[in-house]
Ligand SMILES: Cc1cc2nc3c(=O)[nH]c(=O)nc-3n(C[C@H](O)[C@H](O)[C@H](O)COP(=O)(O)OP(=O)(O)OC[C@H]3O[C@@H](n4cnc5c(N)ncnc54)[C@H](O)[C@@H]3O)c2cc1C
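The chain below stands alone and is given as structure tokens, in the form predicted alone.
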């Protein structure tokens, strides 16, 4: 089907809205699934950008599409789904050949890592999605990043194997079922000490984790960029539903000004 085009807000690839069939669905544990779609021509997207995804036959429930970080682009773009509600349940039970509306690429991706800084990816749970895309991109350029991946249990680290193939992977779980026992910020403390803060942290995960990482990076003189997670209705700045408090007042909108923003630009206390 011929796609419609959204305005190019950032000078990057134009967003396309199209109908695409599901190529395959792969279960990762009991609550996570990787969905891969098949496009007529490659999707050009940058690491950190996202898609708004909805089943073409869903009818009126659920009504809104779901914002999903891209794991990769090209002719077979993929997303990771964790079952948390009706929309993600329907995504996680979809069958190959089922049609989906797929609006992408949306938002601002990650900015480059300076040559004099070590790229450090800090992921919590499903926050690994935009970071895996980034890790693959960095590895293709010969810059293997350090990846710090944390969750409450090993079951909450669904893409640890894929991440470990393109990054120097270090894991922390709160229950000690994989890697070090404790929070992922414990791993970051060691990296900041070892590098004297000469890193750029790319961060995605629970809000409290991202706030803690931003504070640690500020104290260490490190750079920090985060991928904002917020409820979205449209994905391109029309509904204004994804407002995040901005440091100094006002708001950032995760879909149009993000999702990837300077970690120090967010007011984590509000």
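All figures in this text were calculated on a predicted structure; none of them were measured in a lab. Numbering follows the first chain given and starts at 1.
Below: the form predicted in complex with the named molecule, not depicted.
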Checklist entry - Is residue 56 close enough to touch the named molecule in the predicted bound form, meaning at least one heavy atom pair within 4.5 Å? => result no
Next on the checklist: Is residue 202 near the named molecule? Define near as a heavy atom within 4.5 Å, in the predicted bound form.
Outcome noted: no
Checklist entry - According to a 4.5 angstroms non-hydrogen atom cut-off, is residue 170 in contact with the named molecule in the predicted bound form? => result no
Checklist entry - Just to confirm, residue 175 within 4.5 Å of the named molecule in the predicted bound form by heavy atoms? => result no
Item to check | Stretch in contact, per heavy atom within 4.5 angstroms of the named molecule in the predicted bound form, of 208-216, 228-236, 22-30, 38-46 | outcome: 228-236
Checklist entry - Would the named molecule in the predicted bound form be within 4.5 angstroms of a non-hydrogen atom of every residue among 136, 158 and 163? => result no
Checklist entry - Pick from 81, 187, 121, 73: which residue has any heavy atom within 4.5 angstroms of the named molecule in the predicted bound form? => result 81
Checklist outcome for this item: Looking in the predicted bound form, the residues of 34-67 with a heavy atom no more than 4.5 Å from the named molecule, listed in order, are 50, 66, 67
